[in-house]
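Coming up is one lone chain in structure tokens, specifically the form predicted alone.
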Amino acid sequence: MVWVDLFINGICLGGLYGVLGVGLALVVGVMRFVNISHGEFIVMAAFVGVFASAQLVGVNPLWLLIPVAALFFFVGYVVQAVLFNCVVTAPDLFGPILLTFGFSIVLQNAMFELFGTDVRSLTAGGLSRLSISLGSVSIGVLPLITLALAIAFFVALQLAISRTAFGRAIRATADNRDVARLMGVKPTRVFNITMGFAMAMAAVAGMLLAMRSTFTPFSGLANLLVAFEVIVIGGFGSFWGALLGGFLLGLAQLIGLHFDPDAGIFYVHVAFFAVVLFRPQGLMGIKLP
């Protein structure tokens, strides 16, 4: 039964990792643009969640997910329109990487000035202590809610991309932005809204992560690393691949901790290395040239 417990809780943790990476996967898939500041936005959303929860005493943080996500949609839209669109069409990768790296440093230091280095977390109240017992297996209610939200998130994103007019515009822009422009699509507007959705997903991921663990202004790099590993394992451009990548990393972490309690997320990186070594195109990606 130990293995059943590890599997279920690993899948629940993997759902959270999938949400960490899906926003980055969306940006990379549509814009071919790696946002190095993605991790800092996740941490910033966690701080916003802590602040909002302190002001609204007695309100479960889960109810704050929608307003915080809406706020970060606006932030992502503005940042893309004002800043990132300047380099998103750059002929080389160095411009976008340097800009987003510099922006991540600015965000990190701004959070340090505002919040200090104290370790924070987002209290979910009694919900964090509730569990469901299935025989000898105990599953936390909050991890199950996180998994359900992650799956619902991926389903909604897939339906939006495949069934709506704007989803068709996103697919056309990702395929060939010049041809899409000839069809009346404005790529910059698509980029702005895409980044808005990516930041909304990052906000949800940040708040869910803050309910399960602690964070500081310097946690962004660790979050970015996990998000990047998720999309590489899943395969670039595959949303469901990102979820599978999250499941694999969650299982690797908990199974590794079972055998080596001091390992932390070491085995997460080992799993990433193994996938890159033996299947560099990812679990659901196309074969890279």
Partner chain sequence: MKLLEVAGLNVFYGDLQALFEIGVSVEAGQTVALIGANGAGKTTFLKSVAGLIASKRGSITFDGQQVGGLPAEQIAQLGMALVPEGRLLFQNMTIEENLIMGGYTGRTGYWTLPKVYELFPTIANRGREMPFVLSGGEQQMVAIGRALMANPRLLLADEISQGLAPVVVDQIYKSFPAIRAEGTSIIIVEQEVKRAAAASDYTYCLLKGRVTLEGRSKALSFDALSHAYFGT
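The structure displayed is predicted, hence computed values, not measured ones. Numbering follows the first chain given and starts at 1.
The same protein also has a form predicted together with the partner chain, omitted here; what follows describes it.
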Residue-level contact is defined here as any heavy atom of the residue lying within 4.5 Å of the partner chain in the model of the complex; does Gly116 satisfy this criterion? no
* Though only this chain appears here, would Val179 touch the partner chain in the model of the complex if you measure heavy atom gaps against 4.5 Å? -> yes
### Query
Heavy atom to heavy atom, is Ile132 within 4.5 Å of the partner chain in the model of the complex?
no
Does the 4.5 Å heavy atom contact test between Met183 and the partner chain in the model of the complex come out positive? yes
Exactly one listed stretch (205-213, 119-127, 105-113, 159-167) reaches within 4.5 angstroms of the partner chain in the model of the complex by non-hydrogen atoms, and it is 159-167
Interface check vs the partner chain in the model of the complex: of Ala81, Leu144, Ala172, Val75, the one with a heavy atom inside 4.5 Å is Ala172
The one option of Gly140, Gly196, Pro96, Pro187 with any heavy atom within 4.5 Å of the partner chain in the model of the complex is Pro187
